[in-house]
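There is one chain below, alone, in structure tokens, taken in the form predicted alone.
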């Protein structure tokens, strides 16, 4: 499973507000530079998508009767444009009539996002106003820019645990299966080059198979990327989840992103293990998740992350080497 964040953008021409006021460049140049290098993942390459993006944004703004009201936001894979709703959907977003138009570079992890948001229907997650899955486009309620990145870590983990509990719903049948992911990982990790100590790759491969064999009785809809910047403050709720990368399966799979994010706050020496286990304990308690299964899935996911990094290029940069080192640290902490 890719660890690429899901909220990103690209560069091109802006689409002007309907009142003839200031125009906005809706596709930021920095994002375009990054996306241009993306290889196709079942749909189109980053460059091909960028070529079409200005016209796509213009069409959506016109068809959905939206007026841009600010500079776009972006992460790694989507443009997020603050808009005012001029037609249908105003009652859904509240008295301000404001929302955001999110258009994502087409890739596997983003394909099921509208289904997940529709299932949650605003309970614990950003509310979906309308979507066009064929164009990877969604109109969402507008949230604050405040996230959990600077919230004290125990409190932030408590918020994540509570949200995971709130988001607990049966999985839609068209949501990707965690079982399929785990079976694929069991094979890939056994065959992977030694980017981690061999014993950790073998352990992760074995755990992936065992976790599927001893799966919970019911698959739940999973937010597989719930970390500190994928939780935003809202007008109608203190905190809501965004950017779910949904799957259906074992809820213990959901804990790991809160461990590998904000890694610079883990401390040093023996404190690192304590910090990681403390985060896991708080989240599992809040969400009613078995800690042993959460540790096991974390080992699988971190081994997967390390193999993904290594497969992205033969020569890892310093950031990639540091990330693989962090994976080893987290796997050790989950084992001890």
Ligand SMILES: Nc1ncnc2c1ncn2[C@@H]1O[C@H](COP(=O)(O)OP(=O)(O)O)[C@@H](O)[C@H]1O
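Note that the structure is a prediction, hence the values are computed from the model and not measured. Numbering follows the first chain given and starts at 1.
Absent from the display: the form predicted in complex with this ligand. The rest refers to it.
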Any idea which of 46 to 54, 266 to 274, 290 to 298, 66 to 74 reaches within 4.5 Å of this ligand in the model of the complex, heavy atoms considered?
66 to 74
Among 221, 143, 192, 205, just one has a heavy atom within 4.5 Å of this ligand in the model of the complex, namely 143
Answer key: of 80, 186, 201, 212, within 4.5 Å of this ligand in the model of the complex (heavy atoms) is 80
Exercise: residue 129 in contact with this ligand in the model of the complex, heavy atom 4.5 Å:
no
Spell out, yes or no, whether the shortest heavy atom distance between residue 229 and this ligand in the model of the complex is within 4.5 Å.
yes
Is residue 196 one of the residues lying within 4.5 Å of this ligand in the model of the complex, judged by heavy atom distances?
no
Does residue 254 make contact with this ligand in the model of the complex, using a 4.5 Å heavy atom cut-off?
no
Who in 234 to 250 is close to this ligand in the model of the complex, meaning a heavy atom within 4.5 Å?
242, 243, 245
